[in-house]
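Just the one chain here, the form predicted on its own, laid out as structure tokens.
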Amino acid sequence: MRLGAIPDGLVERIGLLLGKVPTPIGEAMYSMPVARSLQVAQRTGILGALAEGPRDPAELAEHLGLQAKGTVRVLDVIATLGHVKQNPDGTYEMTASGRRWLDPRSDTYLGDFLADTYEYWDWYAGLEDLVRDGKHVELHEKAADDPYWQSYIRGQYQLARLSSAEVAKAIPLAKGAHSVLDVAGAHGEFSMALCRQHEGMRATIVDLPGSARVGEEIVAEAGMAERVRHLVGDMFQVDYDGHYDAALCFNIIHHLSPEQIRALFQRIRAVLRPGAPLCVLDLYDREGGQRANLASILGLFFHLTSGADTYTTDEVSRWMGESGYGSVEIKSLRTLPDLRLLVAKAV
């Protein structure tokens, strides 16, 4: 599961709404309808229709084959977040902030990611089983032709677009570097960003069949198929097919155990040229066991969906050193303020 940073605007608006009733009961009452209303509005086409212009709610419901009362109630909830507004004539339209994230024509469109979060509802229904019995969801075991892969990978691609240019600039490549291995790279946006920044760069992405199938579509749509290829298979078993000048390991170690992480780092080291950097982008726990931050929320999500955990930068740095890499540089990113990029060169 690759989870990028959620845009601050969305978080702030939801936070303002929850703050109206600052009690556990209020948070539970308000967060559920807000989240579900956004998800349903995306899945039913309400948001897509509003992106085209103001719509009368009754006519909108009829056009989409929906119930008028339920449609207007959902619109009213979304309006409390500021993504939609009601006009004096009774029509509803998307606001400027809504268009930024929810208009398919926007470069920062996150509609597929929003649709993907609909699946989280069922996963969190199993939270009590996780706490009581340690039973977790395994989202990566879905069949390759499961429609879920479309919303999942395209949603992660939309998130990655918000930060990929900055991330690519932060990756230290040696002069003349021309190949990068992107492990669990899925949609390929980070690899494509490196290729856009470095003439002659070629990328190889390793991922599971369902993920790679959608990733190949995205790469082709971006016109990058000649420079970015996918190797289909399990990252612990597939032949990485070559030697590389850099490797990316982005937003994947939170789904792995420490033993698996070391094994993965060692597999990557075996195909890196001496001095080539391994770059590990992820969300990390605070040092000293202080977990009350964004990692608390996403750490629970990762544990629920894989049984694994988030780790500290010290832990991951140590595992990199034990796996054949030199000293680790830790980089902060403006577009991903809650994540860190760890970089170490193969020795």
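So that there is no doubt, residue numbering starts at 1 and follows the sequence shown. Everything quoted here is computed from the prediction, not taken from an experiment.
Omitted here: the form predicted in complex with a small molecule. The next part is about that form.
For the chain shown alone, F265 is not a contact residue for the small molecule in the predicted complex, no non-hydrogen atom being within 4.5 angstroms. Proximity of G233 to the small molecule in the predicted complex falls within the 4.5 Å heavy atom cutoff.
In the predicted complex, the small molecule lies farther than 4.5 Å from every heavy atom of H178.
Though the partner is left out of this view, A184 does reach within 4.5 Å of the small molecule in the predicted complex, counting heavy atoms only. Of the candidate stretches 150-158, 96-104, 272-280, 83-91, only 150-158 contains residues with a heavy atom within 4.5 Å of the small molecule in the predicted complex. With the partner removed from view, the residue among A203, I252, I78, V219 that has a non-hydrogen atom within 4.5 Å of the small molecule in the predicted complex turns out to be I252. Screening K169, H140, R213, K135 for any heavy atom within 4.5 Å of the small molecule in the predicted complex leaves a single hit, H140.
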